[in-house]
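One chain is shown next in structure tokens, namely the form predicted on its own.
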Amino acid sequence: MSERSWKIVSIVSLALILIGLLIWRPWQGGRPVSLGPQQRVETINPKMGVHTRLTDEVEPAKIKRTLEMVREMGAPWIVEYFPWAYIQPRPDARNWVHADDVVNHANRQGLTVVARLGFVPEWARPKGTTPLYLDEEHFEDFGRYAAEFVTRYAGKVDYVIIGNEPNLALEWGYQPVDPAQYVRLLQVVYPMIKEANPDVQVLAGALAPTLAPPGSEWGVNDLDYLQAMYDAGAADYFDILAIHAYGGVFSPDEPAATDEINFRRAELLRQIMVENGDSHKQAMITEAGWNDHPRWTRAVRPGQRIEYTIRAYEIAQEEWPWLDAIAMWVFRFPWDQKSYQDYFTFVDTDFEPKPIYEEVQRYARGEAQ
């Protein structure tokens, strides 16, 4: 065979190999990824956490890499979303594959999982409603899902959050915001979870910090909503209060004030717990953080974001014994959001660490700032 023929054969062979890889690669991406050896988190602050947002990350290798990087940063806690509609798309169907991947890889990395449960499947809500719409007719269906979840992950997931920001009309499926209805949800779901797995700690609240005035169609002030929860009998139906504590443009040392949204607003929610006889209960900040978008009016400079984030972790450890953990929003998105949300992240979609990741890692290792 001539040299020219050999070159043609070589080129064709290479092309066939590349085509084969393109065909094989998507199939290979869905294969199980080895969990690897058991790991543990090394950190000077055991309350550090992040919201991982792996809900839409479909590649097991990227799930594993995300959780490895969380451990390497020094954060022992993660908050992760486990949508009901993804796991139970039909009443008689269950798909636990993605949830299994997240939970098993998180456990192997030595991370503590706080599972946020929500997102209603089409079969459990009226036609034309959003996946955040949950009416009382389907409270028990949601409770059965939650009970299945805590049974399946007994010993692997010890914390679950019921709902998310129910004081906002958007997050309540555009139903009228109703604290008493949310309490009725807790009254149905809490006993079902405890019967399935008594060791699980149930988190309630996860309220959006808002100064919405009385009668607003968009939501209810989080302080007013929490008091209304207690008035409706919530105390016996949750173990830990979930708090959202965004800093806005303020330092984490800015004093709490009823007419301001800042990080220490969490102290006002804690005060309401105490006033209602719940001082024996703990709280957990399941969303918090600062944004460093260069043009967003609620953002801070990148250096301030780093400083404020580390200071918030310090406050949680040194000043708030009633707080179990603080999970910053958000570690990484599977793809660029093309919005201010990208400026909450700690690493890029391609896993390139941002300066905030590296500085938080230095803090967790006890290195000088």
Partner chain sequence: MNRKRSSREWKWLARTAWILGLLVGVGALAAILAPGGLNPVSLLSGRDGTWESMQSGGVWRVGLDPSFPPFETLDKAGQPVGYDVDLARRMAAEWGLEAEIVAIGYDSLLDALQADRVDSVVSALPYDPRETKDFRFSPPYFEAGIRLAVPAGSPIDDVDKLDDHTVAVEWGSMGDMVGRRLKREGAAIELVQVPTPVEVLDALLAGDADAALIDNVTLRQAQGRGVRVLAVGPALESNPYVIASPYKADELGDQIAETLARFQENGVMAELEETWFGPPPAP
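Numbering follows the first chain given and starts at 1. All values reported here derive from a predicted model rather than from experimental measurement.
The form predicted together with its partner chain is left out here; the points below concern that form.
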Point to revise | Non-hydrogen atom within 4.5 angstroms of its partner chain in the predicted complex for each of Glu122, Gly143 and Tyr182 | key: no
Review point. If contact means any heavy atom within 4.5 Å, which of 337-345, 323-331, 52-60, 32-40 contacts its partner chain in the predicted complex?
Key: 337-345
Check your understanding: So in the predicted complex, does any heavy atom of Arg295 sit within 4.5 Å of its partner chain?
Key -> yes
Exercise for review: Tell me, yes or no, whether Ile306 is in contact with its partner chain in the predicted complex, where a contact means a heavy atom of each within 4.5 Å.
Suggested key: yes
Review point. Is Pro46 close enough to touch its partner chain in the predicted complex, meaning at least one heavy atom pair within 4.5 Å?
Key: no
Point to revise | Residues in 340-354 close to its partner chain in the predicted complex, defined by a heavy atom within 4.5 Å, in order | key: Tyr340, Asp348, Glu352, Pro353, Lys354
